[in-house]
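Given next, in structure tokens, is a single chain: the form predicted alone.
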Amino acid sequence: MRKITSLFFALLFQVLVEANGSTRTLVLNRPKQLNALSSAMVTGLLKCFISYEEETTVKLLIVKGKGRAFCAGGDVAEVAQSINNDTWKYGADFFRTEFLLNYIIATYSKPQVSLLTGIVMGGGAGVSIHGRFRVATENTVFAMPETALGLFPDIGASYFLSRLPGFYGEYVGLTGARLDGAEMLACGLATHFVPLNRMSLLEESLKKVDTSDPFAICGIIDQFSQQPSVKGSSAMNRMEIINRCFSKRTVEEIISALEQEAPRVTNKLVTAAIQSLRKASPTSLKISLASIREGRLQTVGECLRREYRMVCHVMRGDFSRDFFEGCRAILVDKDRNPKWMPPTLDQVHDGVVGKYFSKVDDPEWEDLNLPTRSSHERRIVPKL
């Protein structure tokens, strides 16, 4: 009964639905939590996407966040607390539903326009980047900060990060680097850039459409969009360094390559990357790199299935409990001093990394079963 009540609450308050003709606008409505996705929100969004795909009168979906964030990610603190109080299977259920939602969005037959104002991180990327149109703006801040939490870029991130230019995806996924709207457009994570003062005008125009034709929707967004220049200090202007370092086979070799670059580069990019990698969970770094490399050769469905295996091993603490330590240090006690175990990269062996991709040894565990759908997988198109 409690689960039904929480879902009802989410549908009423945590996910707001606005109907305008053939358009449905889904508003993520937990502004005090930066619209972090609760379990009930994920379930509610999934129900909305499935329902609206079947309704012939609905032709376009808009997704946006209330307040200063689009969505700061999944509510991992809620997941970690629930696992500590109950069982790892709560976390598995959360991610199963979230990954199914990501897959439905990635293969959706109707256009989705995500208005990426403010913070877009982790699970927020999962409900937007897989959609057809991603509109960034001046205050957009994108990041995949999971390695600092003892997790890894999930939500199908191994699919879209591996398709960014060169080895930029490895850079973004391992370091948790923050990108602005212009950088998102340049690397292909965003499809458009619309100035903040024109975003409401774009939204009003989209609410008047009566078509699912992506070319028509794109034409409307084009009327409001601009082609911003990336900042001189942007990593997009240092792609030769990114590719030279992050193309290395191992995390240790990546760090070594960065350290060799550091004396020759005045830009803060290299030193910031080294610092981020040094602070992150060694286990997370190694499984993240392996995941992104695997993702290059897989479909979005295959990436999500593999990532589900990985996240179940993380929730169970089969090979490391860094996720729980990361949540403690970053989200609960906030001392920002996690004690990773194993503490160094050389203690995380390849054999252990490979086990994260294996099935979970539990008779009640099941692989992520995704429905058969017509492929509408999105292409990442950089605007370099």
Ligand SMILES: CC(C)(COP(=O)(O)OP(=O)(O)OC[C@H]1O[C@@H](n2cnc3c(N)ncnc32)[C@H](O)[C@@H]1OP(=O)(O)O)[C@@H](O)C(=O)NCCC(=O)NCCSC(=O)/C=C/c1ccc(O)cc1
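Fair warning: this is a prediction, and the values are worked out from it, not measured in the lab. Sequential numbering from 1, following the sequence displayed.
Omitted here: the form predicted together with this ligand. The next part is about that form.
The listed set 146, 307, 170, 183 contains one residue whose heavy atoms approach this ligand in the predicted complex to within 4.5 Å, identified as 146. This chain is drawn without this ligand; in the predicted complex, the residue among 118, 73, 295, 301 with a heavy atom within 4.5 Å of it is 73. Only one of 149-157, 265-273, 217-225, 235-243 places residue heavy atoms within 4.5 angstroms of this ligand in the predicted complex, namely 149-157. Contact annotation for residue 199: none of its heavy atoms lies within 4.5 Å of this ligand in the predicted complex.
None of the heavy atoms of residue 29 is located within 4.5 Å of this ligand in the predicted complex. Interface residue remark: residue 282 is not counted as part of the site for this ligand in the predicted complex, having no heavy atom within 4.5 Å. When contacts are judged by a 4.5 Å heavy atom cut-off, residue 290 does not count as touching this ligand in the predicted complex. Although the partner is absent from the chain shown here, 34, 90 and 315 each have a heavy atom within 4.5 Å of this ligand in the predicted complex. Although this ligand is not shown here, in the predicted complex the stretch 165-192 places heavy atoms of just one residue, 178, within 4.5 Å of it.
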